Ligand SMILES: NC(=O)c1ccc[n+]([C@@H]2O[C@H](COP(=O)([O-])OP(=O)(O)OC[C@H]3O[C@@H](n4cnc5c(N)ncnc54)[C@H](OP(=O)(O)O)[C@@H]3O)[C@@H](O)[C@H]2O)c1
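Quick setup: one chain, the form predicted alone, written in structure tokens, and binding and motion questions come after.
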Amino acid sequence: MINQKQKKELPSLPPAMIAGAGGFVGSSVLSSIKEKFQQLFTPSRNELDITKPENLLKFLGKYSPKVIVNFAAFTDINEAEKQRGERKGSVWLINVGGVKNLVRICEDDKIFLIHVSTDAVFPGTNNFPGPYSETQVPPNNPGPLSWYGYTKLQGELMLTNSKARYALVRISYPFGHKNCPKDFVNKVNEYVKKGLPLFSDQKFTPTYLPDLADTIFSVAFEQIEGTFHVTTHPLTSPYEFGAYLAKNLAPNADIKKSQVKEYLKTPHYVPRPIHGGLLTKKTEKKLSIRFHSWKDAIEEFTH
């Protein structure tokens, strides 16, 4: 991770804007990096709607940021699936149309764009298993993906096929925000308390939010272009993660197992990767950052 002495020696960052600063992930990162900017604009959804180009142009014309960090997204996987195939629905308008609008403006005004995406752009199937490196190209096929994952992939393509200067940052199952019910640790803890089963056959690499904050800071400060993955290591499963978490929060809990393979056979299932996970070796080397293991992150977060 970034050395604290190095942080103090770094000058202030250029004027920047965070889209989606009021959301779960955006607010978590904002709380960690806001003191490092002389000018940091964090408009609410009412002040800035990235799906409306005229609104976006007016706001950026007024404040002229040099860096934009985009956390704005429709992230409810189950609700997103209800709009599957709808290109006029809110999921598509935010996850694809909103990115398209940001990209066009960043191209024209030479603004550096940091776009936060997800591991859900990868299928995690037997035919295309993870963990995936930063250079791995997701297959552009909606079949094995959730609608959320597919729209996030189309948003990525808006970015990578553009002439904008950008950084693409992928995350997965974020945790590190103690007061937010959307936090993955809080979700798993609720499952444990209620005696609900956790998938034991699904592989993934959750993201620790302090690691993401360090990454966003580094990329924004030096305006480093490329694709970055921010997750803990090594691969784990929701069951293994939950069992370790319970040692800290509920040592007497009976952790129950289930299988995502069986879930995917049920009616109205939402596609989920089985063999997922993101590799971070190239990101850590490029940014001179070392991410937490998921066990160390749990220990730090729960104490």
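Numbers for residues come from their place in the sequence shown, where the first is 1. Worth saying up front: this structure is predicted, and the values here are computed from it rather than measured.
From this point on, the text means the form predicted in complex with this ligand, which you will not see here.
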None of K178, R87, K193, K182 but one has a heavy atom within 4.5 Å of this ligand in the predicted complex; the exception is K182
Residue within 4.5 Å of this ligand in the predicted complex by heavy atom, from S218, Q154, Q202, S172, is S172
Inset, instruction - Decide whether G22 counts as a contact residue for this ligand in the predicted complex under a heavy atom distance cut-off of 4.5 Å. - result: yes
Would S117 count as touching this ligand in the predicted complex under a 4.5 Å heavy atom rule?
yes
(request) Answer for I50 alone: is it within 4.5 Å of this ligand in the predicted complex, judged on heavy atom distances? (result) yes
In the predicted complex, is there a heavy atom of this ligand that lies within 4.5 Å of any heavy atom of F122, even though the partner is absent here? no
Assert contact_stretch over 164 to 172, 139 to 147, 220 to 228, 125 to 133 against this ligand in the predicted complex, heavy atom within 4.5 Å, equals 164 to 172
G26, A73 and I94 each touching this ligand in the predicted complex (heavy atom, 4.5 Å):
yes
